[in-house]
Every structure is written in C-alpha cells, then in structure tokens.
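Just one chain follows, in the form predicted alone, and it is written as structure tokens.
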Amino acid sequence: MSIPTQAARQIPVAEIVFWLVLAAGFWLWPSYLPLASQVLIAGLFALSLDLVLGYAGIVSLGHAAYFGVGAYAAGVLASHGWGEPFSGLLLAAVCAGATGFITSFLVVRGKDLTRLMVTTGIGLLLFELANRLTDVTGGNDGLLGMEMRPLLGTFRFDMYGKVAYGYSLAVTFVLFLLMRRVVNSPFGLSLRGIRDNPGRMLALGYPVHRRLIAMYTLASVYAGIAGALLAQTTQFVGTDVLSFNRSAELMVMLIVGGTGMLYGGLVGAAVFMVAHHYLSDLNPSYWQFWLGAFLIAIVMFGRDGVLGACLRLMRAWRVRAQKAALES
C-alpha cells in the first residue's frame, strides 16, 4: 500500500480536479465547446513558450513561426487527400521540430535583446514566405480544401465541436504529462540553473548550448502540434498563424497565467481568451481598451500572474489557519 500512497501524494488534489473539470466540459459548457477547443489549443501553445521562457530563460517574440509551420504541415497534408488526424500531428511535430532545431543555433547564442530580434526576424521571414508561396499555402486567401477523416475512424468532426474538444483535450493532457516529466527531470532542473546563472552552470561542466537547443527544439515540437490541432479542428489555415500578433498575444497569455508554473500557460490562455470573448461582445468598439486595462490590473496586482496571486493567497490563508490553531 505504500507505493500507491506515495504516488497519490505526488499529484495534488487541485490538479486532479482541474483536469476533471475540463473533462466534464461536455456537460458544463456544451454551447461553448468550439471556444473551449480554441482555449485548449492556445493553452498548449502557451505551454510550448513556457518551456523556453519559463524554464530555459529564452525570450521569444517569434514563437508563432513554429505554430504556423505545424499548422501548414497538417493543412497541406489534409488538402492533398490525407486527412488522418494523428499522422497530421506527427508530420507537424517533425516539421516544426526540424525548423526549431535549425533556427535554435541562431537563437541560443545571443542574450535577451538579441534573442528578441532574432526570434522576431524568424517569425517575419516565415510569414512573408508563406505569403509568397501561394501555390502551397494559398497566400492571403488561406489554405482551403481541407477534409479531415473521422477520428480513430469513428468520430467525425461535428459542427458542435464535441469531437474537436475531446481531441484537443486528450492531446493537451498527454503533452502536459510529458512536459511535467521533462521539467521535473534532472534535465529540466539543469535548465532552471542555466536560466538563473548560465555562467555558473557552464563552469560546473554542463553543456549549456546543447541543452538550450534541445529545449528549444522540444518547445517547437509542442508549438507545431498546437498549430496542427488548430488547422484540423477549424479545417482552415491562414497566414495569421505566423503573424507577429499571435506571438505577442501568446506572450501576454503566459505572463497573465504565470511563467515557469506548468499550469500558467493553460490558465493564462483561458483568462485571456474568455476575457477577449466577453469584452468584445459587451463593447465591440472599445473592447481593446477594457482588455488592456484588465491585463494591466492582473500584472500589477498579481505580479507573478494569476497563479502566483492564487498561491500567495493560499499561503497567507494557511499561515492564518496555523496561527489560529496555535492560539486556540
């Protein structure tokens, strides 16, 4: 009985409840399943940025480059008659990972400002390339003619978003578990050391550049799979998947949720996209003003994002509860 008990302690109850609530989304928010699917995909995309920013300390404003490569890889495959979902995810992971590996040699050698410029430049180059290759990408008109086969040969993508939501949730959950193992492994811990003090880690004999390249490539794979999910669930790919705005919004999502906290990307994506959805409905003309004010309030008062604020409140509550117990 000791082994199951020890394993159970490693998984906080709050995490189990979090995923159970998402799994119950079919009944909790049945009318908003398409939006929920987009939130999950954005959350997976934010997780990929958290790997390089929160755990490796690489600042990037061009992460949409790998998201777009994955989206176009899956989209082109489906538009040419091969709409099997999982093979599309695999192709997207390979293409995005290869792109991330090649470009990582340019990114990891610089410092923060250099990395910002290089990653932004990579995103702009790929955006313009997609805009020029109209025979492959469709250019400004987007990639049309995508036909997805039923998931597992049984479940067809429906207009209500049930299959898309279940598919996105399953893929996000599996990749989250993998990310959890990676960041808690000796490899992940060494990356945190590199983030905090790369000179010291280099003096200790750690291959700093190789580990940064490995993490950057893994993050590109995650971003590519997120892009493929978007392409498959919407059955459309436009050049906006490579745009600078998408990279900037991704950075905002992660900062809102909290960097280096595992769940920060998921929570930040949910907060940002739900706020975007409701504020644009409430005030179509000035919704960006209220969204900006909302984000500033979160950053100013939450400091480490929504999760950071929640953790501080929980610690304060525990301290008060302990004091009350001692006094009684």
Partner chain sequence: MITSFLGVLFDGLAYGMLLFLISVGLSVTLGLMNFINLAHGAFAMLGGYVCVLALQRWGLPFYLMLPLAFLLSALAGLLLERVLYRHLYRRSHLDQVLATIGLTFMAIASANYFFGPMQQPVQVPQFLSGQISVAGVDLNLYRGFLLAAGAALTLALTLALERTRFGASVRAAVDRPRVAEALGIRVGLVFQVTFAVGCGLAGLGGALGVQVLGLDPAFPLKFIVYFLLVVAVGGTSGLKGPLYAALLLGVIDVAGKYYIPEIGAFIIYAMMVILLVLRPQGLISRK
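Residue numbers count along the first chain shown, from 1. None of these values were measured; they are calculated from a predicted model. Each form is matched to the other, and the largest set of C-alpha atoms that superpose within 1.5 Å is called the rigid core.
Keep in mind that the form predicted in complex with its partner chain is not shown, yet the notes after this line are about it.
Taking the partner from the other structure, its partner chain in the predicted bound form has no heavy atom within 4.5 Å of any heavy atom of F187. Mapping the unseen interface onto this chain, R132 counts among the residues with a heavy atom inside 4.5 Å of its partner chain in the predicted bound form. Residue contact with its partner chain in the predicted bound form: P150 places no heavy atom within 4.5 Å of it. Using a 4.5 angstroms threshold between heavy atoms, F289 counts as touching its partner chain in the predicted bound form.
Across the proposed site, S31, L33 and V271 without exception lack any heavy atom within 4.5 Å of its partner chain in the predicted bound form. You can rule out all but one of 261-269, 281-289, 65-73, 22-30: in the predicted bound form, only 281-289 has residues with a heavy atom within 4.5 Å of its partner chain. Put simply, of L124, L175, L91, I213 only one has a heavy atom within 4.5 Å of its partner chain in the predicted bound form, and it is L124. This chain is displayed alone, yet in the predicted bound form one of N140, S87, T114, N197 has a heavy atom within 4.5 Å of its partner chain; that residue is T114. Interface residues of 27-61, taken as those with a heavy atom within 4.5 Å of its partner chain in the predicted bound form (partner not displayed): L53, V59, L61, in sequence order. Positional change of Y286 between this form and the one not shown reaches 2 Å or more at the C-alpha, relative to the superposed core.
Between P30 and L295, the C-alpha separation grows by 3 Å or more in the predicted bound form, relative to the conformation displayed.
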